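In the form predicted on its own, a lone chain appears below as structure tokens.
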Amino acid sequence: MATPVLHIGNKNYSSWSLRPWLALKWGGIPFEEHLIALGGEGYGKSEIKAVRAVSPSGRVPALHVGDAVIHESLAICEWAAEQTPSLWPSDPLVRAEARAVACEMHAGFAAVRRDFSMNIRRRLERMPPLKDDTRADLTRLYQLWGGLRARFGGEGQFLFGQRTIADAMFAPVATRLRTYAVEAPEDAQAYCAAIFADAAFQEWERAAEAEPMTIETAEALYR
């Protein structure tokens, strides 16, 4: 079988691309990377021609495995876990809980995603005013992270001790907290620090910092 190809968006901006990219890296799964610059005609409408050529949804990431196309982040992560089962906890009930929180991130935290767009290389000097629903999202986030690490983290630094897909799903959120100078509890800061210290994340971050600014609307937030 040919080497899988992961089609992704800009590393500075594409939170959904980062998630399966980390899962594949953590799983030791060989893959080729094809980066498509976001922005321009069709952006925001799932109509970028280069993306449409590789993804039926018009969105990235999309993983090509032979003739198959997996065009959704969590589905790509699940495929990776079928190749490397250690990407989920080994205990069935703990594994179910890890899947539940990964799905919660996938479908929830809408206010955080709305107000804190991903921009890895940027840093605000102070946290912006927060809306009530954003505060509620952050409260849930801190409770979730702290509770999981207390129950399952053991001596490890991640939510379930070892790196899992749950961590891959939350990694972009850690970058958002850093970008927007969000005031977080110490245990949440420690978890974010563990993400930032990970070698695969640092590889992604270096590439993100080196990218040209291509999405003017995102960069304009910081001018």
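Numbers for residues come from their place in the sequence shown, where the first is 1. Since the model is a prediction, treat every value here as computed from it, not as a measurement.
Here the subject shifts to the form predicted together with a small molecule, a form of this protein not shown in this document.
Contact with the small molecule in the model of the complex, defined as any heavy atom within 4.5 Å, is confined among 23-31, 152-160, 185-193, 39-47 to 39-47.
Though the partner is left out of this view, Arg95 does not reach within 4.5 Å of the small molecule in the model of the complex, counting heavy atoms only. In the model of the complex, at least one heavy atom of Trp16 sits within 4.5 Å of a heavy atom of the small molecule. Not displayed here, the small molecule is kept clear of Leu63 by more than 4.5 Å at the level of heavy atoms in the model of the complex. Proximity of Arg178 to the small molecule in the model of the complex falls outside the 4.5 Å heavy atom cutoff. When you look in the model of the complex, the only residue of Asp133, Glu104, Glu78, Glu72 with a non-hydrogen atom within 4.5 Å of the small molecule is Glu72.
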